[in-house]
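This document opens with one chain alone, in structure tokens, the form predicted on its own.
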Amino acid sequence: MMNLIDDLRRLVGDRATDSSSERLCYSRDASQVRGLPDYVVRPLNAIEVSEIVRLAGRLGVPVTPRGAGTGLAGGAVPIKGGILLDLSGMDRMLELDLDDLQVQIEPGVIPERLNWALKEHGFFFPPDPGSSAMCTIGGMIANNASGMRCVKYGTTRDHVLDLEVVMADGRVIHTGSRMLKSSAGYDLTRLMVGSEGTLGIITAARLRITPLPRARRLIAASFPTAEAGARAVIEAFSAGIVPSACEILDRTTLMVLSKCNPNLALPMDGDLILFEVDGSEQSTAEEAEQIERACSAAISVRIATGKEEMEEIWAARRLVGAAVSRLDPNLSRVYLGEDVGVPISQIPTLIARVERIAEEAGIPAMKYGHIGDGNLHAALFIDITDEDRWGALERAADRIHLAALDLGGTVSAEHGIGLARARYMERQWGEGLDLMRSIKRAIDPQGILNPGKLGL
């Protein structure tokens, strides 16, 4: 590997480096996982990616693709060293095809930027992660990310029509087509979505886009307990309502948000459920009334229809990730046990278990997330200078993961597995994990693509 930096520079010039300071900048994401790359390379097109991967394959050097580094599971951390491939510079929007309801973009495009471009044409890309102002579309695809509007519109997977992918041997393939549907052979697109860069490196994506709804209404219902709110969600779904978004903010989360902005237009008298419905003026009015009836156990219910009022409430919801630091200046949030999911009917039980686990561990917890699809985020806080607290935190996070699995759920609903949750893959998938390993070996026999991830 002594001359690899020279070979890389012949391919991409000064966009390849082995500088210690730059390598250190790529040694982590937003998780607790750490790993130092030997080289950092910033390609600008699929040809360069192909040549880099082909070179790495000849030498058996690991390649770890990375977008914006906002991941919470260590998925983009080069735990085996080798080449860190920074794809954030591949950020062109290649084609806007409104007639066929699709766009083609490079993986470094920021989702918020894509939606700004689509809005003026009356369209949007529905997946809406909390990090939409900073993550990349490539990272969203690699982790099958979702967010607040997946209840009605689905996750990232449901909006990907075709991917341009560089394989482990340097070949460039397409996994789909311009068609909105196809039944021709294996679904290679869905195989790549959520594979976290272990099967191929995404260099372009063709995405399905959706017309913006004509009307939206937001129902904010405050409940005496989070479990009571969860039961109202189940009742609303049973009545045939499919909200475009359905979120939970427990009273601890609301208290923290009020510290950030005392003027937030959110009720503070209980645990809050936010329902959003979209469609026509008539349909949203009818659905809002039905949801209000489903919330008979609520302390209060408010229906917002004004655009500014709704945007203020959603802005508060998006603030949660940044606001958590206000809970206690002596404590830090650690991203462990924070992305579990269960069937919707099991949400009340999961919430109760998370509350009990946090209380028994003596760890403050905020509970929020996409309750409409069973995805709960548990924010756990400790004094990170106290070694004993780290042990308590890890045990609590482990209990939360196992609780989700016991309830028929998953250890990750949208943030990915990476290394942080890899040890749960055997328990969640059983012999299915052996099949995943067989697919990995067939596609990447040397194991150079993002090694050490997904429990493979």
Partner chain sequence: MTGKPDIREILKCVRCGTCRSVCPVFRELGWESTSARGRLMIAGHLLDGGLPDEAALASLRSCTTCGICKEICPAEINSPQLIEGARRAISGRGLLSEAQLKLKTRIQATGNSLGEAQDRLAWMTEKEIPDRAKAVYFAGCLNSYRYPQVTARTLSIIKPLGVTVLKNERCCGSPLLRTGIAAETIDHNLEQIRATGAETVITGCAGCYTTLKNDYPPEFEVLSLSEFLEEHISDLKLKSLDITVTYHDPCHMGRHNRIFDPPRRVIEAICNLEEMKWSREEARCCGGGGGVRSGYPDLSLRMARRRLEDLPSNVETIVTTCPLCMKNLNDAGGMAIDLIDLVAQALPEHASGSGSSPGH
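Predicted model, so just to flag it, every value in this text is computed and none were measured. Positions refer to the first chain, counted from 1.
Unshown form predicted in complex with its partner chain; subsequent notes refer to it.
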(request) Identify which of T385, N263, Q282, S183 has a heavy atom within 4.5 Å of its partner chain in the model of the complex; exactly one of them does. (result) T385
(request) Scan A133, A117, A239, L96 and let me know which has any heavy atom within 4.5 Å of its partner chain in the model of the complex. (result) A133
(message) Taking its partner chain as it sits in the model of the complex, is R15 near enough to touch it, meaning that at least one heavy atom pair lies within 4.5 angstroms?
(response) yes
(message) Residue-level contact is defined here as any heavy atom of the residue lying within 4.5 Å of its partner chain in the model of the complex; does A323 satisfy this criterion?
(response) yes
(request) Please check if S27 has a heavy atom lying within 4.5 Å of any heavy atom of its partner chain in the model of the complex. (result) yes
(request) Would you please decide whether R113 lies within 4.5 angstroms of its partner chain in the model of the complex, comparing each non-hydrogen atom pair? (result) yes
(request) Could you tell me which of 397-405, 424-432, 51-59, 29-37 sits within 4.5 Å of its partner chain in the model of the complex, going by non-hydrogen atoms? (result) 29-37
(request) Between 34-73 and its partner chain in the model of the complex, list the residues on our side with a heavy atom within 4.5 Å. (result) V40, R42, R66, G67, A68, G69, T70
